[in-house]
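For reference, the chain that follows is the form predicted alone, supplied as structure tokens.
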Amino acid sequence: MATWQLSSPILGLVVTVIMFAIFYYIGWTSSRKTANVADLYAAGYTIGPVVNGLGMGATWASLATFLGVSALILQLQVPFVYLWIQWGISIPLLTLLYGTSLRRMQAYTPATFIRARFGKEATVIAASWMVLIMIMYALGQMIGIAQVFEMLFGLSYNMGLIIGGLATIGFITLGGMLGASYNAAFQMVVMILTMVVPMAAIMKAMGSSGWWFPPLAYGDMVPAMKEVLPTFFDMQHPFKWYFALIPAFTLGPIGLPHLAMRVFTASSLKSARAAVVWFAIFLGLLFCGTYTVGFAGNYYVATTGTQITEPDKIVLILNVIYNPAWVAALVMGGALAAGLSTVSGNLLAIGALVSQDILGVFAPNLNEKSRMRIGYVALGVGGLVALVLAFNPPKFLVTSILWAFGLCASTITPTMLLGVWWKQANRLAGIVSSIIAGITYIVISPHVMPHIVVGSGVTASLGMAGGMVTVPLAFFLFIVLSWIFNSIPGLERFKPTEEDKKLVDRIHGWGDYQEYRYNGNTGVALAALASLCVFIWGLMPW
């Protein structure tokens, strides 16, 4: 049985104190520059492309990059690459499909657009879904943070959760989005260095000649891997398995508010687009290191016969075995940085959704000072809720995060995409489709009602099977119900108004209004037909 304990907790203490000192310093200096709501939630729209690219990568990556993902690589082997590629293209797609459009209206969250486009009722529904999704997402990070503190100091899980969770909530609440942006940039640098450099040393110890650059590290070891683990490179799943990645894992992150908020902080539209390029570069470097972990972990298990009882800690196990203790401590610090960067975005999204979007409906005349105060409270309370839930966490670290992807794809993404690209999208249709698809996704998942599940095995547990049903269902219902509700007398208040249609033109950068733009039915009809076909296919046994 492989162990992952550090030989000296002092090393972990030094790494943690230094990192948190930096986080709190950045948060404190940023708090002095946070004077209004735009500063708190959008960093005053001042973040440049390199910092934003780093921040996007850090917010996207999450602690699962160091912990839960390694368990998936050990289980899925090479097919995992296709799963993570679907996640990786979410930020570019988000920016392309609606991020820069919403940046033009200086939105704080996607719900800001939903209120302007679909009205108050839709805002409450969408913002409520988003808050739930952000708490689920933050839950996974809190679990991981507690585990890292457990590994660094030998603390009990609950004690690690209390200390790590409260320390995390403190610096995030202090710094707002400006602090979160620069902290995330720093955290992404830490993640890349602590993932890539130690893995190069490990691959050198394993005999790789390309160890100096992790993307090449295992190239000359492919024959050895095929000899000890012939299945590693097999495409062992049917086509449906790979297709099912698209609804949940490509379309899901597109609707995540904490990712969208990173685009909104950009200093300009040009800066937002440039940040995506930097995001791809930085995330690619981190990916290379993580894939190397998967290869090395499988190779280690196959060649030594070691039983890994905690597969989500394989990156830490490898470093404890092959590298000096201080290197292993730095890697655990990188894992901690990954969790902190993502939970920062989660809590900021919760704060903005509560204080700006939900309260904007029920208390529209609330002054800015009060909104900021409530926002800070919502930040802290959201973190405390995730912390409390983490005392009895899911058994598998990444489950709640992956499940959140499918739920977001079913409830938020259709509303955003159709709202931005189709003027005939009906308000009531958006509400009905979101509620039906969201509730259905929860019911057929394996985590709430285990006896009512679509799909089986890893496809169900990762949320892929449910997404194959509810995501196309949401798009189909939204489109068809929009046609129906737009034609029924008495439902005029739910029809898109001329102002709604002007908003669509405006966020796309048009200086004038033309009725024909984004108003056709051919494209959405094809989308509805395709959604219906995927929905039926998803219901079939697999």
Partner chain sequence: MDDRKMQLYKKEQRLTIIFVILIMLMGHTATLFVLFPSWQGGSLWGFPLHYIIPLLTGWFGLSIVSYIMMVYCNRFDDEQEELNRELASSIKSTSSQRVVQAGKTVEGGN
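Numbering follows the first chain given and starts at 1. Bear in mind that the values here come from a model prediction, so they are computed numbers and not experimental data.
Missing here is the form predicted in complex with its partner chain; even so, the following discussion is about that form.
Although the partner is absent here, L389 sits far enough away that none of its heavy atoms falls within 4.5 Å of its partner chain in the predicted complex. Within this chain, P311 is remote from the site of its partner chain in the predicted complex, having no heavy atom within 4.5 Å. Using a 4.5 angstroms threshold between heavy atoms, I374 stays clear of its partner chain in the predicted complex. With a 4.5 Å cutoff on heavy atoms, L96 counts as touching its partner chain in the predicted complex.
Taken together, the three residues F239, V277 and W510 all come within 4.5 Å of its partner chain in the predicted complex, as judged by their closest heavy atom.
In terms of contact with its partner chain in the predicted complex, the residue from P324, G170, G210, P92 that brings a heavy atom within 4.5 Å is P92. Though its partner chain is absent from this view, in the predicted complex it lies within 4.5 Å of a heavy atom of just one residue from S434, T112, Q86, N298, which is Q86. Looking at 434 to 442, 221 to 229, 298 to 306, 374 to 382, the stretch with residues near its partner chain in the predicted complex, meaning non-hydrogen atoms within 4.5 angstroms, turns out to be 221 to 229.
Taking its partner chain as positioned in the predicted complex, the residues of 283 to 312 that bring a heavy atom within 4.5 Å of it are, in sequence order, G284, L285, C288, Y291.
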